[in-house]
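Single chain ahead, by itself, as structure tokens, in the form predicted alone.
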Amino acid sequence: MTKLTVTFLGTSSAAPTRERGLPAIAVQREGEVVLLDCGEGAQRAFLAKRIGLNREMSVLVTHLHGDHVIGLLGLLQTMSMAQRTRALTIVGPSRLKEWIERTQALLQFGLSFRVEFLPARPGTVVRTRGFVVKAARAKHSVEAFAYMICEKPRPGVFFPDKAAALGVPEGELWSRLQRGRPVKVGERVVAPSDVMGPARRGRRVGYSGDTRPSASLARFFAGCDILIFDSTFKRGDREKALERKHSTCTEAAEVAKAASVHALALTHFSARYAGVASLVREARRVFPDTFAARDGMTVEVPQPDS
């Protein structure tokens, strides 16, 4: 079974704490990395978690606030110093490209690899080897986007009896069929659909970035396997959440419940709170399958039942 993991590299909000760095999350599958935001210190967290700097990678930036993007410059420079050769895809608000290019010119550093910048917009924004990434508008104080990382559909269930009945010998030809490739047996071509059930949906990871909750986001995240949502404030600090265009832990749980997600990860915690256990308790009253993300935590996303 192919593992799909989510590693929380930074889980604080605008200010880091002793325990929490600034926002960054790595989604990994078969050597491929999708990085969600890149706050200051992300490259050090990369090294601590042994995430290679030359891997197939896409970076998804939700919005142009410093705590979500300043670490990107350091990461790019470190990748180049490590002689990265693979192209890197960056998705984000349209002015992100201008910010990177101007700062790169001012600091006078070049790159050893090509960067492909794709402006974020509602709908599908990028297709990678293992994922289709979709975006939706978030509700924050600046232009902001939420993302859904959708694993490409898995092959259907393989039926050995059907393959044997069609004269396909066990071994390499069975493997080719399971990988979605037709095989030839004598004069007959056997298609994967002849010996396999319908394709099964892949896993889905949703990420809100900074946002107020909304019905449109609940629809966007419908049915995802894990939802990572802005939980900057406790329920009692809702006025601050309204003023600063963030969400409370309870509001995050309400979105998770409306979207019928499988699990909710609270993150982006305000540095004003010494601990977050009370935020988790508040959220669980609305959506029981809730946990608090912490720096360095890795969660494996299970395969869907169907």
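Note that residue numbering follows the sequence shown and begins at 1. This one's a predicted model, so the numbers in the text were calculated from it and none came from an experiment.
One more form of this protein exists, namely the form predicted in complex with a further copy of the same chain; it is left out here, but the text below deals with it.
*Pick from 193, 112, 103, 175: which residue has any heavy atom within 4.5 angstroms of a further copy of the same chain in the model of the complex?*
The residue in contact is 103.
_The single option of 257, 262, 245, 44 touching a further copy of the same chain in the model of the complex, heavy atom within 4.5 Å_ = That would be 44.
*Mind telling me which stretch in 60 to 68, 246 to 254, 28 to 36, 277 to 285 gets its heavy atoms within 4.5 Å of a further copy of the same chain in the model of the complex?*
Checking each option against the 4.5 Å cut-off leaves 60 to 68.
*Flag this candidate site as yes only if 16, 78 and 99 all have a heavy atom within 4.5 Å of a further copy of the same chain in the model of the complex; otherwise mark no.*
The answer is yes: all three residues contact the partner (heavy atom, 4.5 Å cut-off).
_Can you tell me whether residue 142 touches a further copy of the same chain? I mean in the model of the complex, with a 4.5 angstroms heavy atom cut-off._
Because a heavy atom of residue 142 falls inside 4.5 Å of a further copy of the same chain in the model of the complex, the answer is yes.
*Hey, in the model of the complex, does residue 107 get a heavy atom within 4.5 angstroms of a further copy of the same chain?*
Within the cut-off, so yes.
_Touches a further copy of the same chain in the model of the complex: residue 74 (any heavy atom, 4.5 Å)_ = Yes, residue 74 is a contact residue.
*Touches a further copy of the same chain in the model of the complex: residue 188 (any heavy atom, 4.5 Å)*: Outside the cut-off, so no.
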